[in-house]
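Below, in structure tokens: the form predicted on its own, a single chain.
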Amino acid sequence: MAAERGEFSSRFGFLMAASGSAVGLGNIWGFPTNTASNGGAAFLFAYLILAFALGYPALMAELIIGRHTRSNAVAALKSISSGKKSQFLALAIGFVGIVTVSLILSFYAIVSGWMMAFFLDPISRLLGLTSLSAWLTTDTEIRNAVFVIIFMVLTVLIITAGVKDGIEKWASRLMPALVGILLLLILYVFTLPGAMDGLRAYLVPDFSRVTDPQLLVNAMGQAFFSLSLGVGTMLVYGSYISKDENLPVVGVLVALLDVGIAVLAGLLILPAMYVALESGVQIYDDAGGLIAGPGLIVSVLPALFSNMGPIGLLVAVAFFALMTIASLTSSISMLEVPVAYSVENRGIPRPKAAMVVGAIITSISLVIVFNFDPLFDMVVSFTTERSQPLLSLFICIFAAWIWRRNEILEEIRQGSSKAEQGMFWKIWPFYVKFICPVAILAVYFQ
């Protein structure tokens, strides 16, 4: 007997959950730091083009397949396959997606743990707990392991509650809080000396760098990572969408929310870096480039907050609360992919599935924590730059070459009775069949 499936109770609930999945550290941390290390505005320009030219069509493929099949990624791809070869490929892609999203969550939990530690640091200083503050801000294996476990427990607890009472409920609370904190921080940073220099670096492009192959690869990886594509997250979320929803419209809203918040994050992080420079904080590495990656979040910005005086403690609390919220809204969507498979294909009760899968991913995270230098960058590169774009390519192939075109149209018609007359249906089938695969491969093999 199939397990009872949940469903999002409203468009707002789905948008908050889907944008929460898309809007995570990939936007608030990854996007600005990628922008900083890839030519500023040139990277922003390439990212915006690739997010809508490649990301949105691939996003729509996942949402349509998910809602039609009402299944997890493995079962969904298998159900739209007609022959034995395509069914075997469906199983392979589905399982590789589960492995990839689990590996992403394993390194994501480590970075999220850093955010939680730095969130607690200013609070501990306000309470006069200096020894605790020193422990929270010192990069040790024990600290990282403790916060990985705490973060994964929170993620498991939300997933255990199900779609409506867990994912939708918490996303609908956390996402508005995230946007509110982000806007307040942007407004505050803009009042500080040096912010306008960062704004120029962010918004004035050097178009000579737009065709740099490495920049394009990084921009595509960022687009697929921040939109949570290729690993079955959006496919599973799509399976919880009501049949009454207009999928092309919902997909546009998700893409716009994701890209919009990424751009907003850049408006915070890049000006903040130049504010830090103005206040005497080192923001350039030994090679002369802007510090990016973990060094930015756990070194440059905390130093900036320390230089702000008493207000810096409040700004630090707000900033790392923002980072922790962004972490959690994404982690719940990632954990849902293997949990949904365990519940629907293996008949495991949701609470047990969430705990078992969560424990496995936590174990992988701890292995990375205690072998950080050889494993962390390797796992990040493999999942976000190699696996995700290729998985998105195969999902486009399934939607355009394997699944019957008339079934796709009928699914879209569920929420839009005149879908075949709209611009989406006139462009998307051809685009996802020919343009997307070629473009993904062209950028990928650069």
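Bear in mind that the values here come from a model prediction, so they are computed numbers and not experimental data. Sequential numbering from 1, following the sequence displayed.
Beyond what is shown, the protein has a form predicted in complex with a small molecule; the following relates to that form.
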- Query: Which residue, 106, 112, 228, 72, has a heavy atom that falls within 4.5 Å of the small molecule in the predicted complex?
  - Reply: 228
- Pick from 167, 340, 272, 334: which residue has any heavy atom within 4.5 angstroms of the small molecule in the predicted complex? 334
- Item | Contact segment among 372-380, 229-237, 176-184, 351-359, judged by heavy atoms lying within 4.5 Å of the small molecule in the predicted complex | 229-237
- Task: Please run the contact check for residue 155 against the small molecule in the predicted complex: heavy atoms, 4.5 angstroms, yes or no?
- Result: no
- Message: Is residue 388 near the small molecule? Define near as a heavy atom within 4.5 Å, in the predicted complex.
- Response: yes
- Message: At 4.5 Å between heavy atoms, is residue 22 in contact with the small molecule in the predicted complex?
- Response: yes
- Message: Is residue 365 near the small molecule? Define near as a heavy atom within 4.5 Å, in the predicted complex.
- Response: no
